[in-house]
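Take a look at this one chain, the form predicted on its own, written out in structure tokens.
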């Protein structure tokens, strides 16, 4: 049986940084070009830019929404799953993803990082050197706690993030 690998993209629901917008789009584009499925919270900001990039590359996007209505999803979401769970849906984004890529982010993103860590998902975060701030820059290269031996992978470019994701997929360590 063949199952497509699903890469979660987590980050800010609003973007005021052109570099963050560019990176989110590139990450989504490369996810699709490498035949992965993009999973996200389905709203605006990083999620919307990543979905737009994935669709431009002919990919598939899945939105796991906090609300109970599909209308909240950004226009680049192919599959929309309204949960009615509010922020609790962040655990579903992390759990359904094989790998998480973090771009910026505020407290909602931080909860997705924590869930990903607890679910033992590889986490890739854009560092401050990438021009991205927020939680990705704060956790890049760090351990959340001692429950795992690895650290959150620190990256500067979309290509670097996807190369790390492909390494995990090729090693079947997810």
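Numbering follows the first chain given and starts at 1. Here the structure is a predicted model, which means the values were calculated and not measured.
Just so it is clear, the following notes concern the form predicted in complex with another copy of the chain, a form of the same protein that is not shown.
With respect to another copy of the chain in the model of the complex, the three residues 6, 107 and 145 uniformly fall within 4.5 angstroms at the level of their nearest heavy atom. Using a 4.5 angstroms limit between non-hydrogen atoms, residue 57 is distant from another copy of the chain in the model of the complex. Taking non-hydrogen atoms only, residue 100 never approaches another copy of the chain to within 4.5 angstroms in the model of the complex. In the model of the complex, another copy of the chain lies within 4.5 Å of some heavy atom of residue 118. Contact check for residue 20: every heavy atom lies farther than 4.5 Å from another copy of the chain in the model of the complex. Along 41 to 70, residues 55, 60, 62, 64, 68, 70 each place a heavy atom within 4.5 Å of another copy of the chain in the model of the complex.
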